[in-house]
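Heads up, the chain below is alone and in the form predicted alone; it's given as structure tokens.
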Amino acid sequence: MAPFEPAALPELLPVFYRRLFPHGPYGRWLGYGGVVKNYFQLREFSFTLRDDVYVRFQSFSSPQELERELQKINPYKIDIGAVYSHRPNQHNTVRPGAFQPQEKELVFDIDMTDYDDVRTCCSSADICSKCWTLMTIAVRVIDRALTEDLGMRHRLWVYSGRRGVHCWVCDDAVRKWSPALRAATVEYLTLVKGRADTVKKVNLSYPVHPFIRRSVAVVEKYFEEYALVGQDILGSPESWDKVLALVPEEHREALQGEFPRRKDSVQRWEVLRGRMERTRGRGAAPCYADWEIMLQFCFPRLDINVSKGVGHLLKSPFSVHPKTGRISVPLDLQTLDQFDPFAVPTITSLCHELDTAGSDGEQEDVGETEPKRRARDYKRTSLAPYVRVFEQFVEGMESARRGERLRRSDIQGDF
């Protein structure tokens, strides 16, 4: 893969927005079928331009106007905001207090830096294949809860382009939710609590809520490979002391005596887990320290402020990350466990692929319209499978809307 150089962005971005950005499905997504009049026109877009120039409250009369603007200014980053009471680009003409956010997708932002207290392989903005498993677990836990516990249907999961993932819940009813409902949802999905200096951040009590039991079942599938082998959390007396600090005192001394006699983290964990399971078998004073440890090391950590604020901005899918050059691509949940952030195409590699494909296909371009040629352009690159995931998501929403319209017309016909 060709190395990415941030200094090349002014040359590469015009090619990206003209030949690779999926303007068609993107406009269909944010237009939501035109069900609500002016819905697209009332949406805020924000652009980060060269030298960190930040432009807020941009809005457009149609997806085509947005497309023309993107190709004109070639932003380094696109953020999407709320649907407002008035057109955002006219907010200065509205009387004070009247310009208010009305609707937005329920969004979640999960960032690897929030796990620095439980990963030893990397810290701050760095990631590797070992700790990326935390993002896989986060998507699995949150997505299961959104669909099975909360009944949400239309979820778009997106790689941020660097060190995290975003989720956009696009159901019609959810987009209308108040900040209080959004905050309550994040609270429901939060188990790791406390400040940076809090030692024990997960506290379970009997009876354990079904959401927690189901989340533990998800984490368990990844825990051995991620925490015991990859992070080796019980590999040395120094590391296992940190874990045993999360265990009730009455069990700690016995485990400290047992651990040196076991050869590795996996065997030490079997001893700890066996001891906790025996307390639960007795029924008197069940101890869930093994579950608490698994959750503290692996459970998703959400930024409540991103989710609860209707007016909060979040980076758009298919934005280019200006530090890594990677595209913010949708995630296919069918193949999530195989997703490799380091294999995500960069703007440099995509433009190189276009150049290579261009020399093979120049004869075909004669007499072809711009949209058709552009649709074929991204299909010649490694961006194609990610655009397909996005199109399938948009088609799923459109199909559900058609079904809902038919259902309503049938009900009206019955009267």
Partner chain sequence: MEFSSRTRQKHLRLAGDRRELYPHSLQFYLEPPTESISLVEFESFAIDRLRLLKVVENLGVSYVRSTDSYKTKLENELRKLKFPYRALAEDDYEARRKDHISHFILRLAYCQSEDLRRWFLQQEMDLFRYRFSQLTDGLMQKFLEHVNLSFEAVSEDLKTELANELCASTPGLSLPKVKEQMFYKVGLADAVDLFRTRRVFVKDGFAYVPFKEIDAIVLNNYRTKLSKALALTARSLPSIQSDERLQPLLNHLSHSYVGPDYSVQKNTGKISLEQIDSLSVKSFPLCMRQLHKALRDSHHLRHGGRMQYGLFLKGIGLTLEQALEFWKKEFIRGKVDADKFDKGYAYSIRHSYGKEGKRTDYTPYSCMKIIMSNPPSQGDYHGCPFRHSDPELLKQKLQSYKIPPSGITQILELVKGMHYQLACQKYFELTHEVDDIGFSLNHPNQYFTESQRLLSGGREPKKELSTSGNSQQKNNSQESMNLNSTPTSSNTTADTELEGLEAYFTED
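Remember, predicted model here, so these are calculated numbers, not experimental data. Positions refer to the first chain, counted from 1.
Missing here is the form predicted together with its partner chain; even so, the following discussion is about that form.
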Can you pick the one in Ala125, Leu246, Ala254, Ile212 that has a heavy atom within 4.5 Å of its partner chain in the model of the complex?
Ile212
Of Val266, Val94, Ala184, Cys121, the only residue with a heavy atom within 4.5 Å of its partner chain in the model of the complex is Ala184
4.5 Å heavy atom contact, Leu228 and its partner chain in the model of the complex:
no
Distance check, Thr279 to its partner chain in the model of the complex, heavy atom within 4.5 Å
no
Verify the contact flag for Pro260: yes if a non-hydrogen atom of it lies within 4.5 Å of a non-hydrogen atom of its partner chain in the model of the complex, no if not.
no
Using a 4.5 angstroms cut-off on non-hydrogen atoms, would Gly274 count as touching its partner chain in the model of the complex?
no
Using a 4.5 Å heavy atom cut-off, indicate which stretch of 217 to 225, 128 to 136, 186 to 194, 340 to 348 touches its partner chain in the model of the complex.
186 to 194
Relative to its partner chain in the model of the complex, which residues of 127 to 152 have a heavy atom no more than 4.5 Å away?
Thr147, Glu148, Asp149, Leu150, Gly151
